[in-house]
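There is one chain below, alone, in C-alpha cells, taken in the form predicted alone.
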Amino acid sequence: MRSIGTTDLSVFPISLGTNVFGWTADKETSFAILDAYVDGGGNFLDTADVYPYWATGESTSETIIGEWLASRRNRDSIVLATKVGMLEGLEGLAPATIRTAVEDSLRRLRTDYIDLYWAHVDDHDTPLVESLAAFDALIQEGKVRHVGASNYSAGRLAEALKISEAEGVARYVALQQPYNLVERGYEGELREVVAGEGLSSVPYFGLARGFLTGKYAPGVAVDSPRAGKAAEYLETVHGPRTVEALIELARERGAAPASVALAWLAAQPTVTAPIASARDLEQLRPLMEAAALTLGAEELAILDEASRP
C-alpha cells in the first residue's frame, strides 16, 4: 500500500478507473470487475459525477459503485474518490455547485462520506478561495475527508496551495493529470510543485488510451471506443519506438506490456497510484499484475530513453 501525500489514505498501487461502468461495461460486468479488484488486494476506486454521462446521459458509474458498495457492505475498506465540476448543469467550482454536486454524488454512491473529492477541472471564473472554502466546509461536516486538484496548471496549483495556507482552509493533497510513457509533459514545473508541496500524483491515461497495451500497429484495427485517439500515437516519432521497447521488455519479464507500462509509471517520482480502467476481467488482469511488478534501474532507463520525443 502507498500513502496519498501526508494523509491517512493508504491505497493500492493501481487505482481502478470506473469511467467505463454503465458504458462499455454493464452492471453485471462492473460488479465482477470490482469484486476481482478487491479480491486481488485493490481498494482505490476513481469515479466522477460525469462518468459516463457522455454515453448514457446519467452518472451511471457512481450509481453502479453505490449499488455494489451496498451489496458487498464493504464501504469502510474502500478508498473512494469522485469528482465535481464537469457534469452538464453542474459545471465549475462555485460553492453552490460543489454543494449540490456532493449531495448528489453521496446519494448515488450510497455513502455518507467521500475519501478524496477532486476538483475535476480548474474554474477560472470562481475565486480559488471560494472553492477551497466550500471544500473546507464539507470536510468540517465529515462529508469529505480530503480534496484534490485535477487538470490544474503548475501556477494555479501553487496559488491554490498558498491560499489554503494563508486562509486556513482545505488544502489539496493530490494532483490528477495525464501522464504515461508517451505523454510526459508532467515532468517539469507541475511535478516540481507536487514534489515541493508534499502532494501525490494520481495520473490518468496511464496506458495512453490503450496504446501502451501493445495492440496498436499500423493497419491493425482495434475494437475500442478509444481506438482513434490511441492510434494517433503511431504517428509520433517516439510512439512506435516506445511500444517496441515495451513489448521487448514485457517479453523478457513474462508480463503484459500494459503491466510494464503501469509499473514504469508507478515508479516515477511523486506518483502514488496510476489510474487504469478495465471493461472486462481479461483487461483487469494486467492491471493487477502491475501492482506486484517492480522494474529494475536498467529497465526503467531503457523505457525512459525509448519514450523521449
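Just so it is clear, the structure is predicted and the values come from calculations on it, not from any experiment. The numbering used is simple: start at 1 and walk along the sequence shown.
The next section is about a form of this same protein that is not shown, the form predicted in complex with a small molecule.
Heavy atoms of residue 208 reach within 4.5 Å of the small molecule in the predicted complex, making it an interface residue. In the predicted complex, none of the heavy atoms of residue 126 sits within 4.5 Å of a heavy atom of the small molecule. The small molecule in the predicted complex is not approached by residue 13, whose heavy atoms all lie more than 4.5 angstroms from it. Taking the partner from elsewhere, residue 215 is found to have a heavy atom lying within 4.5 Å of the small molecule in the predicted complex. Here the marked residues 51, 151 and 283 all reach the small molecule in the predicted complex, each with a heavy atom within 4.5 angstroms. Only one of 164, 176, 111, 97 comes within 4.5 Å of the small molecule in the predicted complex through a heavy atom, and that residue is 176.
Of the candidate stretches 63-71, 236-244, 273-281, 31-39, only 273-281 contains residues with a heavy atom within 4.5 Å of the small molecule in the predicted complex.
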